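Listed next as structure tokens is one chain, alone, in the form predicted on its own.
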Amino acid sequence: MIDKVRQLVVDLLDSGRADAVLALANVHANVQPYLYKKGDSLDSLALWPKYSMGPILKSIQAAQPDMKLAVVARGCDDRALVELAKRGQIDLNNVQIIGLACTADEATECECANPYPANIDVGNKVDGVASTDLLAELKGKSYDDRLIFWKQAFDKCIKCYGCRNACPLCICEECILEDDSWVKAGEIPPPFPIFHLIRAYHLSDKCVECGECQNSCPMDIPLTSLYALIRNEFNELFDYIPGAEIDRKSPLVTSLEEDPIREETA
């Protein structure tokens, strides 16, 4: 797989279809985002562990809006780029996506239901993780029991903002989670459920199941299960999957006339 990615990068750069390619590189024994340009050695190019490319691409475009870019993107990256573009955070007109499908082992590690981009250039489409033991357990609980479970989970929260800072779709310039009228400063854990409820609502139409929130949580709060439940409910209500369609606006930012709910629920 890595050899095929390297060849695609060379082809894009040599042909002039891209001025630079955003990918991962192994530098000083650390894997990090790297902007490859024509003539650069690709020996350092890496594919794993995954890294959210959306915020990096956003920063590059802010500094170099006319640069023709390509980006190696996994399924979650691909969906995040779509959501960022729909919200005016990036411009995909000058971006080519090298779609990288995750392996079955990678999908299992991330507990990802959709471990592939819309268009696969490298790798093969594999089945995702439809459900986890915890997710199945939560779905079987009553509302009151779920509330008890999440109360216990969120009692561990130290309000480090790691989930927000790692999320590629937390794009508010001013975060309401730092507004003292909603979340009082100095309280740990933050009052239940307002802190996590606000963030859950803000991500209900944006979450692309990248898992970065849970990966960044030092208290091991099962945030991916929370957002999986929310995505499922949101899809059932509005027939909408974040990152799936570039031309469809979120039902939370459109009127019913612009984007009607499914006929059976209208």
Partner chain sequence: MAGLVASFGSGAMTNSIDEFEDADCILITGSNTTENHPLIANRILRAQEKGAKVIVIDPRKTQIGDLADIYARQNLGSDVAWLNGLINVIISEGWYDKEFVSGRTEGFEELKAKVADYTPDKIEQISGIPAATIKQIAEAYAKAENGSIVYCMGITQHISGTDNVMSLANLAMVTGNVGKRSTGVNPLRGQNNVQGACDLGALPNVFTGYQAVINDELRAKFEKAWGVKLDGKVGQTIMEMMNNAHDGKLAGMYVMAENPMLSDPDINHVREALENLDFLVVQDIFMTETAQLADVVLPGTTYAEKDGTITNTDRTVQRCRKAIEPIGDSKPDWEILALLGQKMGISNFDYNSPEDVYKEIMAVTPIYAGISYERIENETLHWPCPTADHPGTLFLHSGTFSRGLGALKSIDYREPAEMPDNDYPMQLTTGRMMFHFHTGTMTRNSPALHKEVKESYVEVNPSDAKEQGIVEDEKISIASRRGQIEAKARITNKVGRGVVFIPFHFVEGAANVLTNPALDPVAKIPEYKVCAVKVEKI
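This one's a predicted model, so the numbers in the text were calculated from it and none came from an experiment. Residue numbers count along the first chain shown, from 1.
Below: the form predicted in complex with its partner chain, not depicted.
- The stretch that touches its partner chain in the predicted bound form, counting heavy atoms within 4.5 Å, is 153 to 161, out of 119 to 127, 153 to 161, 71 to 79, 88 to 96.
- Interface membership of residue 140, defined by any non-hydrogen atom within 4.5 Å of its partner chain in the predicted bound form, is ruled out.
- Its partner chain is not drawn, but in the predicted bound form it has no heavy atom within 4.5 Å of residue 133.
- In the predicted bound form, residue 219 approaches its partner chain with a heavy atom inside 4.5 Å.
- The shortest heavy atom separation between residue 187 and its partner chain in the predicted bound form is within 4.5 Å.
- Applying a 4.5 Å heavy atom cutoff to its partner chain in the predicted bound form picks out 28, 29 from 23 to 38, in order along the sequence.
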